[in-house]
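The chain that follows stands alone, in the form predicted on its own, written as structure tokens.
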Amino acid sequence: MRKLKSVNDFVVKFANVNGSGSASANHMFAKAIFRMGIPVSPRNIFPSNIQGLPTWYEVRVSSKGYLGRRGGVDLMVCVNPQSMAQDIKEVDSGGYFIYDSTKPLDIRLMRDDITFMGIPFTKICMREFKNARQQQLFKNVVYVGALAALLDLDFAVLKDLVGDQFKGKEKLIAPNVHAMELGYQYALENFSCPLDIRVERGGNIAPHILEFDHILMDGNTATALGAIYGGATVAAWYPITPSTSVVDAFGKYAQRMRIDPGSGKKNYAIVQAEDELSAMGMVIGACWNGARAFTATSGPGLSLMSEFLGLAYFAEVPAVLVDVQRAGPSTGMPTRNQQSDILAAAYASHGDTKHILLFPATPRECFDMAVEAFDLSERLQTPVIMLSDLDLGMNDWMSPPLEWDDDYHLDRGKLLNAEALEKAEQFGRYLDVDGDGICYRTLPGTHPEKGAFFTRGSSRDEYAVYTESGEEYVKNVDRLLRKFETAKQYVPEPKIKLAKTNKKDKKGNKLGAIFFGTTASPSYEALEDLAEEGVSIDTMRLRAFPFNRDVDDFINSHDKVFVIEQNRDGQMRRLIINECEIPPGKLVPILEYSGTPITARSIAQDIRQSLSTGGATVTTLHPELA
């Protein structure tokens, strides 16, 4: 039997039971590899119930620094009989399947092209630990110890991680280390260690990874830090997975960084509203009054907030919304990943409405774009929606450390102070003085006599006076569209990479690919694999809506463009067709909507299939590659 052989380049997947305490042990395994200086990307794939259903934790080890899902599993650690049949099928030919051999394995599940390795985790824990809860929890720690021997992990690093995890609870350190030693010793005595797939400190690591320090951080934490540094003082929200940790983290950092040093009083407010619509209303009220405020939600909350988003758009009040997307519609799969709120966010609310969207792809971009969202919302006097997703928001990603410019100043846009109002003959809140569609505004109480105006969601003239004049209405909504065009020069530009074989070709490559957010990393990997097969594809990573001229130019310079996204209906493709007036046949959708993050293997396979069939739509899910 052919066995997989690889150093610092493989996928390990853990199959556990939700609520069994496995997450911390699995995370410790990933962090140990990371502390050895090897690029790693962990993903927790968990159900929405509290306890009992299958849960998986996938760890991608990649010396080249690929952070997206590859597809396939090289080594499966299965301690959940409920999912064992499925888990065995997922292992690549030549791979390894580790299972709890306390009970014999059903021979009907056996495969002759993978190596089965039985370790009696339950038996070991029943023998060594008397407490029932410890017997359950330490089973996870035992398999981490076994993996240390099998994959050649530095055991000292694992011991340090245990010490860090139980700092302040020192009595728990010794039994956890003992449990790891039990697994480590069993593997050494019963198997040839290390396996042909293993880790090696400093071995064949890409230079761009070794050059910089890196951290492990989830996108929601980075977003919360961005809100702090971006000047936010108000967060109004209603709890919803997977965005809850954004406001949780914001509260944690606000307690450290938003306390008045003299009085000790809080310089921030976090309000849990009765529902998402109320939360959005509170954000609009706070922003209208001069604060920088935001809310965080997911798809169902975005739907409820649409009415107030329309009000903020029409009344031209700044507001920031962080949408951490999940699988819909309705409740959908609340703990699974999708990029399916694109159209709902872009055109949220009734009538002719368009919103500014930002698409971060990394924790670093979550931080930077959160800051930028507040600047854009005040500069353009409109809501800005940052579209993250569960994969980015709740999973740890390897990232360069966050950086901050101490010379940064809040961009409050065309905001008149008392002195400017004093000089003005007449203040027109909705008067376009500069021709860019952006009017001058003022905050309540800025001047005792000047600058007052009514903020309403109904039609008005340039001086905020109520009117039902069709002429005034058309003038107003046309100006709003002009402002949306102005936004194109302020939003983050797309990132374009030309295939190596085409950098000198001014006409450009015939094939292109567009992607955004967490689809980026597996897309880059897939296209690099295709390039080795002789298929050269230029890429464009979208980072914002509205689309600037670069998007039109990129599409028009290619014969065929693949649009890679994680939803059923190809929402980004539809948005591009609608906004850029692109012939639909030119854009080929590459889709994944099973709820698990898209893989490099499935992207490459779909593109191959499309090229072989002349560009037919590809929507297959490839469960064998998931």
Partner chain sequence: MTYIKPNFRHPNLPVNDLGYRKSDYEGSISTLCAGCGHDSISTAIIDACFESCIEPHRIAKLSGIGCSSKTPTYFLGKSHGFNSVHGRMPSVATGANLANRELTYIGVSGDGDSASIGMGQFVHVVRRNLNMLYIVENNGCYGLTKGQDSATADVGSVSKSGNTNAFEPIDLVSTALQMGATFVGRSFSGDKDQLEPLIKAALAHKGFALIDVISPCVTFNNHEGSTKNYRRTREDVEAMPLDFVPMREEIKATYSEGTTKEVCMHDGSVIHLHKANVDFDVHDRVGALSAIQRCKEQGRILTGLLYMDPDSEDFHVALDTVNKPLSRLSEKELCPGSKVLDSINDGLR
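Numbering follows the first chain given and starts at 1. Note that the structure is a prediction, hence the values are computed from the model and not measured.
Heads up, the form predicted in complex with the partner chain isn't pictured, but that's what we're talking about next.
For a quick test of understanding: in the predicted bound form, does each of Ile215, Met257 and Trp288 have a heavy atom within 4.5 Å of the partner chain? Every residue of the candidate spot has a heavy atom within 4.5 Å of the partner chain in the predicted bound form.
Residue-level contact is defined here as any heavy atom of the residue lying within 4.5 Å of the partner chain in the predicted bound form; does Tyr408 satisfy this criterion? It does: once the partner chain is placed as it appears in the predicted bound form, Tyr408 has a heavy atom within 4.5 Å of it.
Just checking whether Lys265 would be counted as a contact of the partner chain in the predicted bound form - the rule being heavy atoms within 4.5 angstroms. Taking the distances in the predicted bound form, the answer for Lys265 is yes, it comes within 4.5 Å of the partner chain.
Taking the partner chain as it sits in the predicted bound form, is Lys31 in contact with it (heavy atom to heavy atom, 4.5 Å or less)? Although the partner chain is absent here, Lys31 would touch it in the predicted bound form, with heavy atoms inside 4.5 Å.
Taking the partner chain as it sits in the predicted bound form, is Trp404 in contact with it (heavy atom to heavy atom, 4.5 Å or less)? So Trp404 counts as contacting the partner chain.
Would you kindly say which of Gly332, Pro494, Gly413, Gly281 lies with a heavy atom within 4.5 Å of the partner chain in the predicted bound form? Flagged contact: Gly281.
Using a 4.5 Å heavy atom cut-off, which residue among Leu172, Leu443, Met126, Cys193 comes into contact with the partner chain in the predicted bound form? For this set of options, the contacting one is Leu443.
With the partner removed from view, which of 288 to 296, 87 to 95, 335 to 343, 511 to 519 is the stretch that lies within 4.5 Å of the partner chain in the predicted bound form, judged by heavy atom distances? Heavy atoms within 4.5 Å of the partner chain in the predicted bound form occur in 288 to 296.
Partner contacts for 442 to 457, taking the partner chain in the predicted bound form and a 4.5 Å heavy atom cut-off: Thr442, Leu443, Pro444, Gly445, Thr446, His447, Pro448, Glu449, Gly451, Ala452, Phe453, Phe454, Thr455, Arg456, Gly457, in sequence order.
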